[in-house]
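Read the single chain below, which is given as structure tokens and is the form predicted alone.
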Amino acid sequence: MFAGAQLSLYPMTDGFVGTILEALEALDPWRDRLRVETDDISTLIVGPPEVLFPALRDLYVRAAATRHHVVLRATISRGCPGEPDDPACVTGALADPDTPLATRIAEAKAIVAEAPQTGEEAAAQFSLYVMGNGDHMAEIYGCIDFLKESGTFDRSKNFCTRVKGDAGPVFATISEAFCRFGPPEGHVTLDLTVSANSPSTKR
């Protein structure tokens, strides 16, 4: 399997270069388990989901701690048929789709409830895309049911779901949505936007 994220960070500050570079330093503790490639548009992170999402969380938290308004955009994918399998992405984090949805939802809720607090708030919206054979809409509806019970659910929006709260549970919610819904051998993608310190929330 191949799993990874293509991400871009947008700080709303004149000092955006320093903010981006400092945030990328938050990936350093994870680099022995991830492949990280940065160019002038985005950063690619390749590795298993159980490492990928904590690394994304830490990058976001480092950027949010600047108190600038920052936005993280990421496309996250697993099982893409156009990518070769990568041994670095071997994972045991993906749920068995034969496990009943109710069980998977309960397990995902338990993980979110145990997620560590970071002290940084996150407002996120994302869409989950389950491709390939099988009843993909059942998986998506199951994911939506989980989100509504996750403790981070904010509201449904056109084409996406919004979650908010401390970045720890928020990124755990997103990780569980990615890992527990859709077949392990299938192609699953997630389109994610996370915002910190938006001035709109102060109006």
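Nothing here was measured: the structure is a model prediction, and the numbers come from that model. Quick note: we count residues from 1 along the sequence shown, nothing fancier.
There is another form of the same protein, the form predicted in complex with a further copy of the same chain; it is not shown, and what comes next is about it.
K.L.:
Are 11, 42 and 127 jointly within 4.5 Å of a further copy of the same chain in the predicted bound form, each by at least one heavy atom?
P.N.:
Contact check passed for all of 11, 42 and 127.
K.L.:
Does residue 95 make contact with a further copy of the same chain in the predicted bound form, using a 4.5 Å heavy atom cut-off?
P.N.:
No, residue 95 is distant from the partner.
K.L.:
Would residue 99 count as a contact of a further copy of the same chain in the predicted bound form, using a 4.5 angstroms cut-off between non-hydrogen atoms?
P.N.:
Judged by the heavy-atom cut-off of 4.5 Å, residue 99 is well away from a further copy of the same chain in the predicted bound form.
K.L.:
Flag residue 77 as yes or no: does it have a non-hydrogen atom within 4.5 angstroms of any non-hydrogen atom of a further copy of the same chain in the predicted bound form?
P.N.:
Yes, residue 77 sits close enough to a further copy of the same chain in the predicted bound form that at least one of its heavy atoms falls within 4.5 Å.
K.L.:
Since only the chain is shown here, I'm wondering whether residue 109 would be in contact with a further copy of the same chain in the predicted bound form (any heavy atom pair within 4.5 Å).
P.N.:
Result no; residue 109 lies far from a further copy of the same chain in the predicted bound form.
K.L.:
Okay, which stretch from 168 to 176, 26 to 34, 56 to 64, 151 to 159 lines a further copy of the same chain in the predicted bound form, with non-hydrogen atoms inside 4.5 Å?
P.N.:
Selected stretch: 151 to 159.
K.L.:
Pick out the residues of 76 to 104 whose heavy atoms come within 4.5 Å of a further copy of the same chain in the predicted bound form.
P.N.:
77, 81, 82, 83, in sequence order.
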